[in-house]
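Read the single chain below, which is given as structure tokens and is the form predicted alone.
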């Protein structure tokens, strides 16, 4: 079991079909060309005797070549966040030496000679692997071999290196994607960063399904729309902040004018109800899917299907309509449950920590080992609840809970109530130090364009719908909230700024 078997099947069954297209320069690779390039890349990696293949770059054809080439060579693939500082990148490179590093010419030059690092300029790497007939020996089939080392975002503390073995990634693909299921003219537009698990999953799932993947290295709403129209994109994946910007850019339009777009998947963060409702209006013939997963679970573990979206939108029942902001139900082969602080399973609609188990779940970190318990359960550190029909609702990180006077409060619950207000576009609720209660509830609010609301009005809004203890004691109005490039709210920044602000 090796990720190369996915490419081998695609190359044998669809050799001349285009596999990848770079939207910025028009370069493309067919499946047979990608297979040959991966074989040459594997030979280069083996001859260099590297132990890792690191990539620090935006999306390009080098990514699938390096990913499958490293699998063929039997060495881990390590994509690194190119937005990190030079010092942070040096620290991560030190952890993966000896390594072959693929990056742009400027970065390769700036890094200079380093012991244990062989720098390969991206464009030269693509040319080298595309124009050679030599290939490595057959790839290893040990399912326990590490396929990918993926550094966590590191928003708090030193990034951990999540270990994804071939068995985890292949299990995820075989359990969620049908081989050669895409039509020949289907195209998937992906703009998530290549160092995110969604970017790796997109490469693997597109190859196995036979769907051409269109790479958009630098996202903007305008570029996304232009590329989707030009390439006649049929499928797309975005994070919530991207979809929000696309919706904003279509202000005043009745339709996105994308007749070829059959499906949009989104994930990576919380989707505001107003954004998904507006998106479904602008893309009336497009199916929407919410996908929830983690790096440690090899991507998606739960989905809110297109049918779920339509049923929730059409329903007058609050409990059904509420599911539009859920992440759906567990994939086949995946089991999810909610546990309390003592590790005991909770019932329907009770908030706790999300635990998951299944063959695609790794739950392992380099130099730290596995955190999966004896029964196979992985603690996600995400908080949430599951309703009577099995729909999972996310409520932030488990350690984001606000403790006020001994009472535990979910920031997500308060955020959901504030987002129901007609003037609120986005909101983040956090706990800030309070001498009397330990923590006080505080909120940073982004208002919709042209809308107004006072702190007192929003506090009254919450008070009318929740217990008074959950009313934000402090309200701040911001132009925008801080998100990272994968759409995750940087709650620590909100907490720090609201804690530092005077009353």
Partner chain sequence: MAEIKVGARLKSNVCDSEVMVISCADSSAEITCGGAAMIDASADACGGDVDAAHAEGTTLGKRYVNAAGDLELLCVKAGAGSLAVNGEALVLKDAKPLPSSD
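What you are looking at is a predicted structure, and each value in this text was computed from that prediction instead of being measured. Numbering follows the first chain given and starts at 1.
What follows is about the form predicted together with the partner chain, which we do not show.
Residue-level contacts in the predicted bound form: of 72, 125, 77, 237, one residue has a heavy atom within 4.5 Å of the partner chain, and it is 237. Put simply, of 215, 241, 300, 100 only one has a heavy atom within 4.5 Å of the partner chain in the predicted bound form, and it is 300.
None of 389 to 397, 327 to 335, 312 to 320, 268 to 276 except one has non-hydrogen atoms within 4.5 angstroms of the partner chain in the predicted bound form; the exception is 327 to 335. Among heavy atoms of residue 178, some come within 4.5 Å of the partner chain in the predicted bound form. Remark: residue 9 counts among the residues lining the partner chain in the predicted bound form, judged by a heavy atom distance of 4.5 Å or less. Contact check for residue 496: every heavy atom lies farther than 4.5 Å from the partner chain in the predicted bound form. At a distance threshold of 4.5 angstroms between non-hydrogen atoms, residue 141 is in contact with the partner chain in the predicted bound form. Along 286 to 323, these residues reach a heavy atom to within 4.5 Å of the partner chain in the predicted bound form: 289, 291, 299, 300, 303, 305, 306.
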